[in-house]
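A single chain, nothing else alongside it, follows as C-alpha cells in the form predicted on its own.
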C-alpha cells in the first residue's frame, strides 16, 4: 500500500470514528429535549456496564441480617460468637436468664454512663436503627437464651440492698482469694484490687460477673465460687452485694481505713 492510499484510509477511519462517537450520545439521549441533567440521566441509564439496583452497595442501615449486624457492631467487644471478647459474653444462658430484652434495647439505644458500652442509636457513627436493634436483640435470645439446666436461686441482676465492705472482706477471703489473692492483688487469676481495673468497670459489671462468671475464660459463677470454697454453698445476692461494696471501697481508697480500723 502506497503512502497516499494509507493516508486516505486513516482519514476515512478517523471520519468513521467521529461519526460513531457523535451517534452514541444521540442514540442514548434521544431527541434533545429536557434539561441537560435529564439528558445526562437518560444517557447514564443507557450506558452499558451500569450495575443493577440489586448489585449496588446499600447503606448499613439497610442491613437486616442479625448475624451480620452482630459481626459488624458487637463482635469487636463481645467476641465473634458472643464469647472470648474483652467485654463480657452475650453467648451466656445464665446472663440472659437474669437480663431482659428490654434492658438490652435500652442499653443499645443509650449506652452506659457508668461503663464503656457506647450508644448504638442511629445518631452515632456506626449506629443502628430501631429496627436493627430489635432484630439483633431478638436474635441474641433465640440463639443463646432459653437454657433449661440453669441453677436454682440465681441472684437478681440488679442489687436489692446496699452491701457492707467488712462483710464482703470475709466472703472474699473464703470464695475469691484462692484465685485473686487475699488482698485482691492477684494470684492464679488477675488482680482485682487495682485502681486501673476498677476505674474501667462499674459496680453493676462486677455484680454481673460475680453471678455469671466468665465461662468463656474459666471464671466460676456464683454456684462454683461459693460451693467450691469454705462456704460450701452458692453465693447469695447479699454475699455479692457485700463483695461489690468491698471492691467499691478499694476503688475509693477506703480499704486502708477498713484494714487498719478506726
Ligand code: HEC
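Residue numbers count along the first chain shown, from 1. Please read all numbers here as calculations on a predicted model, not as lab measurements.
There is another form of this protein, the form predicted in complex with ligand HEC, and it is not shown here; the text below is about that form.
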**Request:** Could you work out which of 118, 134, 93, 82 is the residue within 4.5 angstroms of ligand HEC in the predicted bound form, going by heavy atoms?
**Result:** 118
**Complete:** Residue within 4.5 Å of ligand HEC in the predicted bound form by heavy atom, from 112, 124, 138, 185, is 112
**Asked** Using 4.5 Å between non-hydrogen atoms, is residue 169 touching ligand HEC in the predicted bound form?
**Response** no
**Asked** Does ligand HEC come within 4.5 Å of any heavy atom of residue 237 in the predicted bound form?
**Response** no
**Message:** Using a 4.5 angstroms cut-off on non-hydrogen atoms, would residue 63 count as touching ligand HEC in the predicted bound form?
**Reply:** no
**Asked** Should residue 243 be classed as touching ligand HEC in the predicted bound form when contacts are defined as heavy atoms within 4.5 Å?
**Response** yes
**Prompt:** Taking heavy atoms and a 4.5 Å limit, what residues of 205 to 242 are near ligand HEC in the predicted bound form?
**Reply:** 205, 206, 208, 209, 210, 214, 217, 218, 219, 220, 225, 235
